[in-house]
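Each of two forms of one protein chain follows alone as structure tokens, named structure 1 and structure 2.
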Structure 1
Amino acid sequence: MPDLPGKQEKLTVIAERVEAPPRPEAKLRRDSHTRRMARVGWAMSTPALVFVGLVTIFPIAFSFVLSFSNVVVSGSGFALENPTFGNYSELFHSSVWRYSLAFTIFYTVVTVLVEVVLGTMIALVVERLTKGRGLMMSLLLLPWSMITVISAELWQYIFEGTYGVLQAIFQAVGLGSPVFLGTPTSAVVAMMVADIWKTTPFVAVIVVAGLVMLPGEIFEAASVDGASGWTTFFKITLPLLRPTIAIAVLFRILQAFGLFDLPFVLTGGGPGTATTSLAILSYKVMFEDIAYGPGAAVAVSATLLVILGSLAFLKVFRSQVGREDVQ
């Protein structure tokens, strides 16, 4: 075959071109294109970043400044005078603030714990469904997708002491006429029930996503070895779900600690101060008592506690499942 050497030379030249490193001018063109696209990306995202800064970062920074200021309110507006730690001193000596802090922590721990347990149980059932899983997921999302204010109005109608649904049910079965929102204990329990009903589906959806991602080979091997359902759950499923549950718990801690709209609509922070969270207390101090400095101090204290609690929670889970699983 006389044309074989020519073909061989062509193949060699093509191979050299493929293996040859890119020319400097080509690399420069690619780098220039990358920088140009980066500038375009920054130019397109700058308006959104500015908007986020105005509506999120600026209020937080301004609240921090207010918390260390003596705010003087007059008919022409307000002025910041004499930077002071007096707002925080007043805060730490306030029994109302201490109660609001204790209530917020207690409420967060109880609701998040119940939601994680119930959400995990629901997720285990939904994950095993072979038919109708999509319909069940849609039904699960209905309470969570409902606006909290609307949900609070719904539960207020259920718990109302005169014409409420539960009031009618209790009277129909001869259990009297309990006042669900009229006493501190019952009001706290009623608010927890409303919150758990709304946000448990959120935890369930996250856990279902984690269950779907688990490798099936491990469970097949456990079944072959004769492991029971409880052993498989506690020894395999639960440890593998820890990073997923950590994400759900972290989101719920952030939401529960900033509790505002549910008690604002359902109980107004009452009866008395029974359901007054830190967010409700900050609102009342700032906009009802017109004390902007102490109100900002309450808000800043809640923010710092959320940050510290989240960092501590992440540190605990990193020590259990590894840094790479939680990041």
Structure 2
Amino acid sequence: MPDLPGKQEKLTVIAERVEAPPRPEAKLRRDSHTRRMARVGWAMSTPALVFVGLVTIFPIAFSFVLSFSNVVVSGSGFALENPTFGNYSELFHSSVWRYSLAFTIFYTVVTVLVEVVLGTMIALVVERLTKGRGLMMSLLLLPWSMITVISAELWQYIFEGTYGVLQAIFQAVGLGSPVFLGTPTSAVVAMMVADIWKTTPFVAVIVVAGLVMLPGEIFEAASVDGASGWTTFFKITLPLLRPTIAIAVLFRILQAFGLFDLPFVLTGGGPGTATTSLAILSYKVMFEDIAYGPGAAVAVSATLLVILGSLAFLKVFRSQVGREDVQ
């Protein structure tokens, strides 16, 4: 399409107006005003920042220091003796840590994947609802709003090996009486089911919010152009939802990697060590073995890995979004 000369001219004028330097006195006034506002801003947020610093940054930094120290616990407090890499070398030589790491990664990948697929599907349905959308949304939020320890206790009744609901159902349809939390594979699957039940709604709600924000005209245009439902979904909805899904995935990775309450209530990390996540291991090493150095090393290893994982994920996601733009 040839450029209209008139439009070009108008744009130049606007550009010039924007680029014109402000008068010096106005600039001065605005600078001092900005500085004053900034001071007020800082003053007002300082208490919150100090609080965040004390409860978040300090403990993280302290764990980091602990993980590189030979920590001696005694009646007179902990003493941090000679900096060492020993805690980490213990970690790398520990089969329990390696297993926990593999388990935590596997658990995170599977649950997040399933939750995102299911959550997106549910969101697409909920978004189309013409009646009862509010009701559906609040019902959806029910599992998510429940405290994990409590929902885990409830799942315990379902999975229990002598009077559990699920076992009764299996017995009723002639599938024997499996003890779901009694073998490694079934315990891991059971835990994943409980997790997916609880957090899929979270993904769904975020995706619904993303769907609502999508511009309607594009979909009208697609239907005018005769695009099928599938084409519309894969070529328009999903690409546009990428940033929303990315946020949901990121939140979920962070949470799933810190898996603690479900195994703590359901299996205590067993059978054997089958459901010992890094967080459970860190708790055991720190507070049962009173080995703060190695325990902190486990915690730091988990933190570093989840940060690296999230960064890698974001990078991949960004480049894909970029490709979509090029197309």
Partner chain sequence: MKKVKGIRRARVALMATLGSAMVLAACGSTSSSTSSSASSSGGSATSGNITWWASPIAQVGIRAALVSAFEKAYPKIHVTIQSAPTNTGTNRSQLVTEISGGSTTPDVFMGDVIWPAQFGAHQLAVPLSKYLPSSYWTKFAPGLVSGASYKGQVYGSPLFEDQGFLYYRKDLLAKAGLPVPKTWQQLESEAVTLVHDHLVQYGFVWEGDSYEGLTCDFMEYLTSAGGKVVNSSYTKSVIDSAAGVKALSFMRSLITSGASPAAVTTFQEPQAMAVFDAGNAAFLRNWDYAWSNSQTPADSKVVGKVGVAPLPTFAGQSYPGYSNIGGWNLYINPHTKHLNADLTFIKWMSSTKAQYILGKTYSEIPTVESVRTALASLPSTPPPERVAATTRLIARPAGTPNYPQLSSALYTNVNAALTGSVSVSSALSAAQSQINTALSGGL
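Note that the coordinates shown come from a computational prediction; the quantities given were computed from them, not determined experimentally. Every residue number counts along structure 1's sequence, beginning with 1. By rigid core we mean the largest C-alpha set that fits within 1.5 Å across both forms.
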### Message
I want to make sure I have the labels right. Is the form predicted together with its partner chain structure 1, or is it structure 2?
### Response
2
### Query
Would you say G268 moves its Cα by 2 Å or more between structure 1 and structure 2, aligning on the core?
no
### Query
Would you say F233 moves its Cα by 2 Å or more between structure 1 and structure 2, aligning on the core?
no
### Core-aligned CA displacement of G75 at least 2 Å between structure 1 and structure 2
yes
#### Entry: Core-aligned Cα shift of T46 between structure 1 and structure 2, given in Å
2.8
